[in-house]
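In structure tokens, one chain follows: the form predicted on its own.
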Amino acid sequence: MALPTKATHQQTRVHNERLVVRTVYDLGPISRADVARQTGLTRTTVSDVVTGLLDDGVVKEIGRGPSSGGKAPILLEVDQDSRLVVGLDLGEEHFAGSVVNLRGEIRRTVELPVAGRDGDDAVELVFALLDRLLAGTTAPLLGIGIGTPGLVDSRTGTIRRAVNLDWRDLPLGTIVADRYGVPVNVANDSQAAALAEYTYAGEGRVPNLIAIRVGRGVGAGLILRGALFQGDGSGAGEIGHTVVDDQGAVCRCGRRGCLETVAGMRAIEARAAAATGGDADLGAVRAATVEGEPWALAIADDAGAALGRAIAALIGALDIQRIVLLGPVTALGEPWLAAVRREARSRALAPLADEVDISVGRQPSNVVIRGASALLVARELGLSLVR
């Protein structure tokens, strides 16, 4: 058994710097003396760290605070625009990205159509998106956070499999980092969405949360004790390719009857087209449910019920009481949501199911972008954008 090694000087400095930045970020405006009291660091250490942060432009002095009898202290706060972060959402129909500051405020957004691109062409589209986002930026770039469909190893930034983009074992994080010379964090899009839902929940924030995105695919993100849980292989929440019907439709992954072949947007639109004898997108299904059309209500009920059965398993395994539903399919409204709740509660153990709140999230269109950028900021500076 290896004995623990003593932290190097560089490791100690990085730790102290992150501790000071986080304290100023969370509690600023704040004096150096108060930073020392909050962190337990010596005043000399705080002064040395702050000097470096001032030189780097991360922290700024904003004037003097009230005096307690002696000289009025100089107050510090984080310069929220001193570093910029790019967050990307590599969706199935559009690749979108935003430039955000250290408070998560969006400064610029660009969206490009995928138009059937996959493989190397899809990677080139990522580059085109980043080039447009970064054109004209003046503040230093802290890094790039990417949310993408598929099975992602966040430790290495490798997309193990993304069926719709024909990516397999693609080291996207390394490819992007080598091209742009900044840290890159790659996460599953549902995990990024869960982090955004938690980060920006305000007073309604709870420490444990499941966020499920239902679009063309289906995926869950897990927040446990206030932190994103990704599992041993970074694939926690990959529920869309769990088989729910052995005789079901062939899935994009090659198997039959995966959850997304019943609950996903493609399945819903295919059933609608069969029922109406023509093209019918999700909007048409939504309109028909509002009108009370039996075929549309049946489709919404079946899709919601399939998702509810999957949620029942999550309730039993994790005993999490807040479940938030996100994504285009939530547009099916109350008939769909009622089916989700009915099946989840009827198929999970009653004492657990009775405590669960299943609701539709606030649905900002940039939920993945905001989550991916928040994850990058947390990992690079030790900051939380929780608000």
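This one's a predicted model, so the numbers in the text were calculated from it and none came from an experiment. One rule holds for the numbers: they count along the sequence shown, beginning at 1.
One more form of this protein exists, namely the form predicted in complex with the DNA; it is left out here, but the text below deals with it.
Note that among 68-76, 287-295, 175-183, 271-279, the stretch whose heavy atoms approach the DNA to within 4.5 Å in the predicted bound form is 68-76. When you look in the predicted bound form, the only residue of 38, 31, 321, 346 with a non-hydrogen atom within 4.5 Å of the DNA is 31.
Residue contact with the DNA in the predicted bound form: residue 366 places no heavy atom within 4.5 Å of it. Among residues of the shown chain, residue 13 is one whose heavy atoms approach the DNA to within 4.5 Å in the predicted bound form. The shortest heavy atom separation between residue 42 and the DNA in the predicted bound form is within 4.5 Å.
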